[in-house]
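The chain below stands alone and is given in structure tokens; this is the form predicted alone.
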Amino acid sequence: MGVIQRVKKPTTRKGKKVLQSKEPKPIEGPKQCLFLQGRNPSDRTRKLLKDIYDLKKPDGAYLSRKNDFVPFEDATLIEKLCYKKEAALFGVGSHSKKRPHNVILGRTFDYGILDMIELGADNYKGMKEFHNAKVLSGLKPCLIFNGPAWDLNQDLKRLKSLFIDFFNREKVETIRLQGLEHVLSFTATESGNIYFRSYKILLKKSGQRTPRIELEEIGPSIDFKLRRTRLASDDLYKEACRVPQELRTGTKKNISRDAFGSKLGRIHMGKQDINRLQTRKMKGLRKTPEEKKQFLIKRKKEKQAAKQAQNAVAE
């Protein structure tokens, strides 16, 4: 039986801030990614992970030290490092005779393994082999998924979600055309091949208001082959994708919008006595002494009539 760890309370202000930063948040920022070297990584897998790390910057960490472990057999080291580095995503490169040029991409939930997908890099062309201008690091790329296989195959559907997690950044409400500079293209086939390409967007003159778009490949260029997978159960995956209560938007009644986009609301109010409404006190709206006297006489007569009606009922 394992020893139960004690709950350590922070004793300093800095320690309290560190623990608060690790707590779950309603709106999360870009996910951090940890790139590791597994058992006997090849030169191709090292360069491949380094290129993916360059695309992920600055939301990632690259560890060049070799680790003698197999993630599909024992993933405790990954969970420990992800907890230490506060990373939700990870990538591991390895090489063997049975599985050459192997890359494992995965993600964690509650500091435990959620999904792991193993890919083989059949063909690879690094960013340094493309002798042209690159995009700046930290840009939000445009992700394009080509082929119907992404929605038909369950493994590819989960891999698509994993790629979106890898290259997703801050949430934006509006998009500026000049801000789109980088495109990542993923093409899937029914045989399990995934073609990963990276392009730079060039805006050319077209003689019109809308510019002409050209794509220039800047690398990396990778041909992946889908191998082993370890996917989370439906209940665990549903729990990981659950939307917090404070972010859920319910239906609002009696609210509509007109043709111009203006927001219209309808409210229901009970019967009100206009004479007793509190209005702005202005000298011009004050009652004269004669009006006050008539109001008191009328109120006195109403009380007397009500009292006489009560006495008549009692008799």
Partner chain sequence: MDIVNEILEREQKKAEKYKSITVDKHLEVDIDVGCLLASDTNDLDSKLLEKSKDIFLQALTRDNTQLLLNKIWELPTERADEAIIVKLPEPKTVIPRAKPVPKPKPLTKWQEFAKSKGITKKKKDKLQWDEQLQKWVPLYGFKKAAAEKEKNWLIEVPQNLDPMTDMYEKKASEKSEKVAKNELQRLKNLARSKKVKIPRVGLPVTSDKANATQLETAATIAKASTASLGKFQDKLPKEKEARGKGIHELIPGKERKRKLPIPTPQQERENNLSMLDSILSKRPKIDMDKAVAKHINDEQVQRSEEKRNTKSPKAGKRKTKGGNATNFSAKKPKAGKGQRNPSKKAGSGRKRR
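The term rigid core refers to the most C-alpha atoms you can superpose between the two forms while keeping them within 1.5 Å. All figures in this text were calculated on a predicted structure; none of them were measured in a lab. Residue numbers count along the first chain shown, from 1.
Beyond the structure shown, there is the form predicted in complex with the partner chain, which is absent from this document and is the topic of what follows.
In the predicted complex, the partner chain sits beyond 4.5 Å of every heavy atom of F72. The closest non-hydrogen atom of A133 lies beyond 4.5 Å of the partner chain in the predicted complex.
Under a 4.5 angstroms non-hydrogen atom cutoff, the partner chain in the predicted complex lacks P289 among its neighbouring residues. Although the partner is absent from this view, K31 contacts the partner chain in the predicted complex, with a non-hydrogen atom inside 4.5 angstroms. Judged against the partner chain in the predicted complex with a 4.5 angstroms heavy atom cut-off, the residues N123, K160 and L215 are in contact without exception. When the partner chain is considered in the predicted complex, only one residue from K22, K307, K300, R13 comes within 4.5 Å through any heavy atom, namely K22. For the options S233, Q154, T76, T174, the one in contact with the partner chain in the predicted complex, meaning a heavy atom within 4.5 Å, is T174. Interface residues of 93-108, taken as those with a heavy atom within 4.5 Å of the partner chain in the predicted complex (partner not displayed): R107, T108, in sequence order. Superposition of the core reveals a Cα shift of less than 2 Å for K97 between this form and the one not shown.
Residue displacement note: R242 has its CA displaced by under 2 Å between this form and the one not shown (rigid core superposed). With the core held fixed, the Cα of R176 is displaced between this form and the one not shown by 2 Å or more.
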